[in-house]
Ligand SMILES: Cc1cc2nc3c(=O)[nH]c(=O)nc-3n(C[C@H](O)[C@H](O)[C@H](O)COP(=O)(O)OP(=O)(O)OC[C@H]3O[C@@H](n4cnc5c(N)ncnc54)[C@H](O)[C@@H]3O)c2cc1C
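So this first bit is one chain, no partners, the form predicted alone, shown in structure tokens.
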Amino acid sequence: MKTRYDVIVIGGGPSGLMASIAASEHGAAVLLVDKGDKLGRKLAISGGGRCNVTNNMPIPELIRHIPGNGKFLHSAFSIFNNKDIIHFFENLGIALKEEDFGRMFPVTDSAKSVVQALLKKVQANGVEIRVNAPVDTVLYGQGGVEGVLLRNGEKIGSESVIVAVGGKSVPQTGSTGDGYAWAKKAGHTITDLYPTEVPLTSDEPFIREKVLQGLSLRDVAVSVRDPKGKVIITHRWDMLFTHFGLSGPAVLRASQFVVKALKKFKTKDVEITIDTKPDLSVEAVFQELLALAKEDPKKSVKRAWKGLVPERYLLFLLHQVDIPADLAVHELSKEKVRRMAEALKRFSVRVNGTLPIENAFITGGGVSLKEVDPKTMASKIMPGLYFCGEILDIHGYTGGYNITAAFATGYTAGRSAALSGKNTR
């Protein structure tokens, strides 16, 4: 076993695997080390086990869906972008299919097939792999990176080290924040870490009493509001009521804005509003409710308005606006009908936080991008040190955006480290 390599990649997730492939393709002798017993663990569980490998949106849209410093990726995407990722996997024999919102999945619907294809490519490129090999620290000298020290005391030399160990989310896959200490040791700033793409918590009585637990609402607009009621962000998708608060795609996308609002406004909770009729105004919903009531004035309210929303939510809202479900619609006042219309359009939930960062899909914050070259992913502080993937202060929504960022920064880092080494060898 060699004691020196051109490039050492720490971390066998999506960015690390791609960095290893890119570095080896550009002529470097590469060592890939990971503390776990197998590579690609986070990939294997991504996309509900189907692995959403990228998103097929145009680059400007892609960047817009990476609200956490997505603009930093312009240079990386000019080197290796979502179209390149699609071609890359197709060349590995992994046919992809496009689903809603531009999400790209393997035709096999199996994340394992993606992981196996990547591992096969890594091995075919001659990358040396060490698993069950936790890194204690990255070694630095006056001239830059000197290699890594494994926890077993073994030193392995290299003038280029790529840190691809992820953030602090989904720790069961090995992402436990190890890389932040190595970055700090090199002189890097770590911006505040916080959970993103994470369920929200609430102390509302109906949440505590589990009145709506397990209920899903389809195609709703979920808005985060500031203390004055002004909308900070709105996401339209599905959502879910849980025993602790709110979850589902629309809520996960809104979560980072809740975290930021709680911090910015120094408040104990933030208002979330749910709009079940996002294509209609309050007045239009009001008129629809009146029209349904007039069809058969003898019908009960719950029968006349059946189908507007799931029955469980309908009965819940009727209770909230103090309308008996069995009341005949001809007995309804217009004021009560308007209150129902407003509830369908803007039901308010106070949320007081999120589940812990370990329960998040993505970590917000990380290595400060001011200290990283966007064209190479190289440290501006420590020669020979590179970063890629979730350890960087970059985060996107779920839907293939984070993995696209991981692959793009991984490829850029691997290519840059290999080419830099050629210039010095």
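One-based numbering along the sequence shown. Given the structure is predicted, the values throughout are model-derived calculations rather than measurements.
Although not depicted, the form predicted in complex with the ligand is the subject of the following passage.
Novice: Can you pick the stretch from 81-89, 177-185, 277-285, 310-318 whose heavy atoms fall within 4.5 Å of the ligand in the predicted complex?
Specialist: Among the listed stretches, the partner-contacting one is 177-185.
Novice: Which one, L62, L385, V33, V367, lies within 4.5 Å of the ligand in the predicted complex by heavy atoms?
Specialist: So the residue touching the ligand in the predicted complex, by this definition, is V33.
Novice: By the heavy atom within 4.5 Å rule, which residue out of V259, V135, V220, I272 makes contact with the ligand in the predicted complex?
Specialist: Of V259, V135, V220, I272, the residue with a heavy atom within 4.5 Å of the ligand in the predicted complex is V135.
Novice: Thinking of V161, G414 and S416 as one candidate spot, does the ligand come within 4.5 Å of a heavy atom in every one of them in the predicted complex?
Specialist: So, no: the whole triplet misses the ligand.
Novice: Report whether the minimum heavy atom distance between K298 and the ligand in the predicted complex is within 4.5 Å.
Specialist: Judged by the heavy-atom cut-off of 4.5 Å, K298 is well away from the ligand in the predicted complex.
Novice: Give a yes or no for S379: in the predicted complex, does one of its heavy atoms lie within 4.5 Å of a heavy atom belonging to the ligand?
Specialist: No, no contact at 4.5 Å.
Novice: Would you check, heavy atoms only and a 4.5 Å threshold, whether I45 touches the ligand in the predicted complex?
Specialist: Within the cut-off, so yes.
Novice: I'd like to know if I21 sits close to the ligand in the predicted complex, meaning any non-hydrogen atom pair within 4.5 angstroms.
Specialist: Result no; I21 lies far from the ligand in the predicted complex.
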